[in-house]
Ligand SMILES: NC(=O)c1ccc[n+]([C@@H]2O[C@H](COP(=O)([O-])OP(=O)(O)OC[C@H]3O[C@@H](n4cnc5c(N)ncnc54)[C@H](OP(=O)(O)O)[C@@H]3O)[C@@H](O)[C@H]2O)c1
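Shown next as structure tokens: one chain only, the form predicted alone.
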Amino acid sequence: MPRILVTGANRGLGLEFARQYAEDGWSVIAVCRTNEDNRDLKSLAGQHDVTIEICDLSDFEAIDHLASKWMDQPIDVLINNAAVFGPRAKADGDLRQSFGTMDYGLWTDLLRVNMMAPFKLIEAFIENIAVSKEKKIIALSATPGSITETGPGLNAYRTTKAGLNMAMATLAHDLKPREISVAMFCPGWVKTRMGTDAAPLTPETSISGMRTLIAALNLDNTGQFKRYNGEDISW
């Protein structure tokens, strides 16, 4: 039975990843920051092979502890989904990501969760991935992480996603000799707590599209940055 690890699995995109793979017969390691707001995930775990793991990804010692629990167990696909968006100037007038009013403590927190934690998670679980059949690593990025397609504001969030892209692109080269493939995907604007109800996409559509990309990922296209629908995103 193939196994997948998904972070931020208690709601939104992470929960939908867990649901779709579990319903297709995969074993799922569903990582959540806390034991709260897990009702839907617990329901899923009651019906399928889903193991819920509590781990605050900003705590790197906690990541090492989690990895030690799964030592020597193959993980075919690792999905770094968990992320923090930060305050939105337009939505709520919070300017802590804006030039001239930047909150550098906030910026540091976002960098740790959005860029450093995915890298740390991969380091901690790399041997699990290396002994699996699929050998795939996915990072959920975002179009705001593209330097070519960037816009104003959201300085902290944008830089964390741009940094994540570079880290994953570098890993694609580092891990290719071990036959491990890496990709970054933008899920699109999705109806989640982060995306709000104004978003045009459902989680089902976004995740279904990214699963198609994951299935097609190999060493020939490792390091790619694509939208959920297969469109290339310029760097």
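Residue numbers run from 1 along the displayed sequence. A quick note: this is a predicted structure, and the numbers were derived from the prediction, not measured.
What follows is about the form predicted together with the named molecule, which we do not show.
- A residue is said to contact a partner when one of its heavy atoms sits within 4.5 Å of a partner heavy atom; Cys186 meets this definition for the named molecule in the predicted complex.
- Using a 4.5 angstroms threshold between heavy atoms, Ala67 stays clear of the named molecule in the predicted complex.
- Residue contact with the named molecule in the predicted complex: Asp37 places a heavy atom within 4.5 Å of it.
- Using a 4.5 Å cutoff between non-hydrogen atoms, Arg158 does not count as a contact of the named molecule in the predicted complex.
- The partner is absent here; in the predicted complex, the one residue of Ile75, Leu121, Ala83, Ile138 having a heavy atom within 4.5 Å of the named molecule is Ala83.
- The partner is absent here, but in the predicted complex a heavy atom of Cys55, alone among Leu44, Cys55, Ile52, Leu171, sits within 4.5 Å of the named molecule.
- Residues of just one listed stretch (99-107, 121-129, 140-148, 67-75) have heavy atoms within 4.5 Å of the named molecule in the predicted complex: 140-148.
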